[in-house]
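First, one chain by itself in structure tokens, the form predicted alone.
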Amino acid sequence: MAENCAVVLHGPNDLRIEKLPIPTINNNEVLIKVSCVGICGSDLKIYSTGRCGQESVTEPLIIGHEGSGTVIEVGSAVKNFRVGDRVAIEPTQPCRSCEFCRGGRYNLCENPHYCATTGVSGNLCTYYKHVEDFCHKIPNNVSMEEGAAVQPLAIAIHACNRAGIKLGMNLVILGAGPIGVLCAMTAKAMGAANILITDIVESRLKTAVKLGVDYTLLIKKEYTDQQVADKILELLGTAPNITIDACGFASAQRVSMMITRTGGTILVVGIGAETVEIPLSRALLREVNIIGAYRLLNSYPAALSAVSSGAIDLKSFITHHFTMKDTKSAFELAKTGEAMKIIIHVSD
């Protein structure tokens, strides 16, 4: 067996490729030779600042949580996988015993052991071990690159399920990064009628149009919240049934409360600041539902099926490829906002 190389974050902008021991699996685990890992917005935040949401880098951390690979060893209690199976790695290992796990909402687990969080290794490494029941077989017509990108798609599917998207609805998505665009692609597959997406980077909007978005709005720095709201409503021609905040900016959350139809829904999936100032009262008096979506929940099977059937085109969503040795260059490109989805090829 070859050496185990891993991309380790030591602090903001400090990525190092290090050789580490190959993990030893437990009875209920599989050992995976990792093929591809995608770069996520949360990866970028923790790389750039050392923090993302409730997580902060306090010790060296193997990064990456959008992974796919091939099973090369199985534990004695593993029943559903064998050596050679290609798998997409759902990046959590919940406790299964807290009230949220017992209630079927393992994404809210109090001790989730989520990949690339404090005390838990990520999967941007040559060899990675994971529990059997959070690995998913990749269909034969789905590539390893797509298998890695299924993770953000599963987040988008969970977000759209939480938002309650139905046939004929009109949507506004604030933020045309990977999650925002995948929410748009998912919403279209679920029957949304018209989708408008906004961003501050024009190239992302152009990609969003290629992937099925109906309307785009380039946000300029000088725009006030009211100007953004007016432009959105003019372009869409109606107040949206659902607004999805996929960027986490306070301005996006304020605008969402200004534009969403009375009785509609605002879904926040972007990770924002700890506190924000928003026009809450007016939205509540119009019975606008304001909800969050955290990570993903039972959406990997649907994501893999959607890609396999052609309902969602992940090949066109993936825009850039790098080898492991060029991971830092990949992160620097991600900083510019010009890439939609970057895949690191670990095995190359």
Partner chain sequence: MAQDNLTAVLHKPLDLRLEQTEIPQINDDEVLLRMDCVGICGSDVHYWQHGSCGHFVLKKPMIMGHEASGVVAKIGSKVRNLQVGDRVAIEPGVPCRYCEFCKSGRYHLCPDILFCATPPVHGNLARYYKHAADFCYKLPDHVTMEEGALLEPLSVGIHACKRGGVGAGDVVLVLGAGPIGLVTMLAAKAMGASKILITDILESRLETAKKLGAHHTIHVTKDANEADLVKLVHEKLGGHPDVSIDASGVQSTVRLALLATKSGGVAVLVGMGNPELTLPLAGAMAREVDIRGIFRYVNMLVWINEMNLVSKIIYLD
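Positions refer to the first chain, counted from 1. Keep in mind the model is a prediction, meaning the values are calculated, not measured.
There is also a form predicted together with its partner chain; it is not shown, and the following applies to it.
Enquirer: Taking its partner chain in the model of the complex, would 202, 213 and 337 all count as contacting it (heavy atom within 4.5 Å)?
Expert: No, the candidate spot makes no contact with its partner chain.
Enquirer: Answer yes if any heavy atom of residue 302 is within 4.5 Å of a heavy atom of its partner chain in the model of the complex; otherwise answer no.
Expert: Residue-level check for residue 302: no, no contact with its partner chain.
Enquirer: If you check in the model of the complex, is residue 286 within 4.5 Å of its partner chain, heavy atoms only?
Expert: Heavy-atom contact with its partner chain at 4.5 Å: present for residue 286.
Enquirer: Wondering, does residue 262 line up within 4.5 Å of its partner chain in the model of the complex on heavy atoms?
Expert: Result yes; residue 262 sits at the interface with its partner chain in the model of the complex.
Enquirer: Contact between residue 131 and its partner chain in the model of the complex at 4.5 Å, heavy atoms?
Expert: No, residue 131 sits far enough from its partner chain in the model of the complex that none of its heavy atoms falls within 4.5 Å.
Enquirer: Between the options 273, 83, 77, 167, which residue brings a heavy atom to within 4.5 Å of its partner chain in the model of the complex?
Expert: Of the candidates 273, 83, 77, 167, 273 is the one lying within 4.5 Å of its partner chain in the model of the complex.
Enquirer: Which residue among 113, 162, 206, 137 has a heavy atom within 4.5 angstroms of its partner chain in the model of the complex?
Expert: When its partner chain is considered in the model of the complex, the option within 4.5 Å is 162.
Enquirer: Please pick out the stretch from 228-236, 215-223, 90-98, 274-282 that is in contact with its partner chain in the model of the complex, where contact means heavy atoms within 4.5 Å.
Expert: Going through the listed ranges, the match is 274-282.
Enquirer: Hey, which residues along 92-111 are within 4.5 angstroms of its partner chain in the model of the complex, non-hydrogen atoms only?
Expert: Sequence-ordered list: 99, 100, 105, 107, 108.
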